[in-house]
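Next comes just one chain, in structure tokens: the form predicted alone.
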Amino acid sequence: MRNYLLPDFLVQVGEGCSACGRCARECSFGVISMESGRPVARHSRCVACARCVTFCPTGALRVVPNQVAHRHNPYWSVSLRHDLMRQAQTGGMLLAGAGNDLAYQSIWDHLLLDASQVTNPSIDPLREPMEVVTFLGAKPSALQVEARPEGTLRLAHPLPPQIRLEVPILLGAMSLGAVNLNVHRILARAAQETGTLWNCGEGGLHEELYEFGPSTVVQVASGRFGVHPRYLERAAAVEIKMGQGAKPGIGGHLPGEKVTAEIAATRMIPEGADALSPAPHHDIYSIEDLAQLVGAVKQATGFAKPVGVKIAAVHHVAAIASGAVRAGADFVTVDGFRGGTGAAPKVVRNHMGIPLELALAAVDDRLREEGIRNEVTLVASGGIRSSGDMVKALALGADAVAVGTAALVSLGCTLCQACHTGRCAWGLTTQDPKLAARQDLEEGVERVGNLIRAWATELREVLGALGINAVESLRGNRERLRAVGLDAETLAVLGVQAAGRE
């Protein structure tokens, strides 16, 4: 069959090229090769990962969109027409990596924060203590104390298990398979050094990383990959994954060629075999079933650590979250439709789920209405891009946020969306040992740690500008938000007033 597809991108080599060959060595997609001492590009293979541009010592390379490939049509976009041609040639389902990139309205960008003026003075975070510590776990609705014989007081009952987070930022779930062991090493150490948690995802926890257990959230997903007693014992918390924002309603598929010996041993599957995560948990078809699994995990871990549930942001997310809390979840992670993925059907990634902002507000409202908000820690994930998004998420009702894509971007990811090919030039979503080695462990830990510390500093700055000295005072405080350019229905769901309203 003839190929009607034109290249999405063009690689341009400028006159400053020194013909050093660095671009050809850096390119993992076979785009650039050296021929007769000069770089030659096969444009059709380029995914615009920008690795060659970044490391070109003379700055002679450029990667540009192929503007002349197709006539502009706002309705029939170039991307859409390319997808049609690919399907006409292959007859297959299109896969995509990273997150939803369609131009849906970003509600974060239509929300603005309040600031102190005159009657409610701001606080200088450089001079005053600002409390951003967060505790992950269920909170009792009331405390009972009893007097000791010596006259002091003590709690009359034990608190549910709590995990202290120095910042309300977690590193979100990315499985071993979706990313490589080197990335897991970076995330684990970065979490430990910044006093927060990382999530190993549904692919198990490599034994080398057991020493980071006190900083690790482990997942129990539909495939039960790598789940065994030691896995549960080592973790600080356990998360039951019921859904993922990037691909709600479907399972996962790690191709056999990505299942290396290390991944096979960690996931407890044969090397080279496809790792298929079923769409549903085959033992969960109701809230009562979910409660049984939550209870079983708590029992298996001696009721000593928080057990949470991760759900995708979908139409009835508030009722689902309520059910998860009533099933005994100590924390609930709501994952929005902008969340990332190693691979997902493009039609699912781009067209299923709802925005995190709306889901978060709806969940917080529902839990408050039912009087059970205090029984759970609410984690927002799926498309948190900056400390600004984080602050707004906290004001909408989250206790903490989890970031995945932002952490990968800090390590070099350029969102070329070719994660599913296994050829990530930045050494992140590949199992090729030569490519994975491109991530320097020490530098990676420093990069991710710096990102978390920078966001925490910015959070303190915003709290000071708001005139509050504790993140606790921001949580669910939607009065400190105003909206610009949102319709009345969206405002009603968010519980936020339009800018200019008193």
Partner chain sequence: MQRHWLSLGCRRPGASDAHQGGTTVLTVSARGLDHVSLNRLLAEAAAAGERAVRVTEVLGHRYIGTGLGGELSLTLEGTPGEDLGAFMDGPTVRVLGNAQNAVGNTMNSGLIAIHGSAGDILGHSLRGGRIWVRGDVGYRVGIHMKAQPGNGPAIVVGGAAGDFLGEYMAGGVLIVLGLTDQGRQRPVGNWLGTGMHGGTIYVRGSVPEHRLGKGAGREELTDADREELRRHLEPYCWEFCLDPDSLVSDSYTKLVPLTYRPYGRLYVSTVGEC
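Keep in mind it's a predicted model, so treat the numbers as computed, not measured. Numbering follows the first chain given and starts at 1.
Just so you know, the form predicted together with its partner chain exists too; it's not on screen, but the next bit is about it.
- Three-residue candidate spot A103, R185 and S381; no residue lies within 4.5 angstroms of its partner chain in the predicted bound form by any non-hydrogen atom.
- Contact check for R45: a non-hydrogen atom falls within 4.5 Å of its partner chain in the predicted bound form.
- Remark: W76 does not count among the residues lining its partner chain in the predicted bound form, judged by a heavy atom distance of 4.5 Å or less.
- Its partner chain is not shown here, but in the predicted bound form it comes within 4.5 Å of a heavy atom of D83.
- Taking non-hydrogen atoms only, G213 never approaches its partner chain to within 4.5 angstroms in the predicted bound form.
- Of the candidates L113, I123, L95, A236, L95 is the one whose heavy atoms come within 4.5 Å of its partner chain in the predicted bound form; the others do not.
- Between its partner chain and the residues G249, P229, P158, P140, the one pair within 4.5 Å by heavy atoms in the predicted bound form involves P229.
- Segments offered: 361-369, 145-153, 384-392, 263-271. Contacting its partner chain in the predicted bound form at heavy atom distances within 4.5 Å is 263-271.
- Counting a residue when any of its non-hydrogen atoms is within 4.5 Å of its partner chain in the predicted bound form, the hits in 289-305 run A291, Q292, L293, G295, A296, V297, Q299, A300, F303.
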